[in-house]
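This document opens with one chain alone, in structure tokens, the form predicted on its own.
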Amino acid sequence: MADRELTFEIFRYNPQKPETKPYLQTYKLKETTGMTVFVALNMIREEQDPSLMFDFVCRAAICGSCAMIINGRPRLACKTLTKTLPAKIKLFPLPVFKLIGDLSVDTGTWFRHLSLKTESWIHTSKTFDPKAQEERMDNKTALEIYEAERCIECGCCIAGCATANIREDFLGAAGINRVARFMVDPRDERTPEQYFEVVGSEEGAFGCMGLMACDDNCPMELPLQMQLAFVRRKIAKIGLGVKEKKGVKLA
């Protein structure tokens, strides 16, 4: 597959220059061994067109900055090898998020709003004591929290979500995953009713159409389908008036 000539058709549009309508620009590039879409984009920008806009930070699939639509599917450019793609590659920016220019979108504002909406911090009445011993938890709970925390906020799940593309108020898989993370955290003192207010509506757990594109498109392979089922089950119990026993969280 090495030494193929790759043809990139890349979405171009700068919102700062609205007089120029969006268009596709074609670039050709020789494929090299181990080339990723990220590497190809850097070569295009360095050797052919320095005006091309796209985002990157870590180059190691842990920051989520380089997410884009690659041949019709939300993916990370730094994790997508060109050898897994046909010789003709089309690149578009992620939908849902505000377009900055070309392939660059503003996911930061969206995820900040998500954090505020879901109140993504430990709610506790305890006063922090820097000299106290760390609060311990069992390994099973710690692993459940860690699994949810692996989300890199790339936006691939949101971009592939039918509901998020229709409704701007929908939390999406990333938001539901965030809520699930705090639901299992024994340090969080929010009541079931408080969680219901956050996610017990069509903006939250019950807005999902069930297409599960989020699960298919997550580059970290998070179990987003299971997280949705977990949150829906808990919220349904709250709505039906099933009470928790003292010290026991709803399963």
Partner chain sequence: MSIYQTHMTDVLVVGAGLAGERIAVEAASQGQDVIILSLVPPRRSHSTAAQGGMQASLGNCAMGEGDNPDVHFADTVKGSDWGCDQEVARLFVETAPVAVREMAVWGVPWSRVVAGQRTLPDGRVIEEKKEKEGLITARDFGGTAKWRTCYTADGTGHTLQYTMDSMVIKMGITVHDRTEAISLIHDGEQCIGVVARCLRTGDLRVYIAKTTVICTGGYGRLYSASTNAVINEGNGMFVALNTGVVPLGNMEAVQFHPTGMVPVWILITEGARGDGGYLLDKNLDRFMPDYEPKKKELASRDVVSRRMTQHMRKGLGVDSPYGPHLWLDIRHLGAEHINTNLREIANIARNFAGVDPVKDLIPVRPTQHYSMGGVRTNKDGAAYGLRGLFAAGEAACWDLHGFNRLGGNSLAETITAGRIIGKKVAEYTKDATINYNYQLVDDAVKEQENRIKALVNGWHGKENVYEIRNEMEKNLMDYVGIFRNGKDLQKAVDNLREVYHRSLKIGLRSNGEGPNPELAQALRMPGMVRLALCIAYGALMRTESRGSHAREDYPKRDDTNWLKRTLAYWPEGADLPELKYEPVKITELPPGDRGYGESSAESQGGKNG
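Worth saying up front: this structure is predicted, and the values here are computed from it rather than measured. Numbering follows the first chain given and starts at 1.
If you look for the form predicted in complex with the partner chain, you will not find it shown, but the lines that follow are about it.
Site annotation in the predicted bound form: the residue of 70, 35, 41, 213 reaching within 4.5 Å of the partner chain with a heavy atom is 35. Here is the short version: of 208, 29, 218, 52, the single residue with a heavy atom within 4.5 Å of the partner chain in the predicted bound form is 52. Looking at residue 21, you'd find every heavy atom of it more than 4.5 angstroms from the partner chain in the predicted bound form.
Put simply, residue 166 is far from the partner chain in the predicted bound form: not one heavy atom of it is within 4.5 Å.
Interface residue remark: residue 226 is not counted as part of the site for the partner chain in the predicted bound form, having no heavy atom within 4.5 Å. Contact annotation for residue 200: none of its heavy atoms lies within 4.5 Å of the partner chain in the predicted bound form. Contact annotation: the partner chain lies within 4.5 Å of heavy atoms from the stretch 142-150 in the predicted bound form, the single such stretch among 85-93, 169-177, 142-150, 156-164. Along 49-86, residues 50, 51, 52, 53, 55, 56, 57, 58, 59, 60, 61, 62, 63, 64, 65, 78, 79, 81, 83 each place a heavy atom within 4.5 Å of the partner chain in the predicted bound form.
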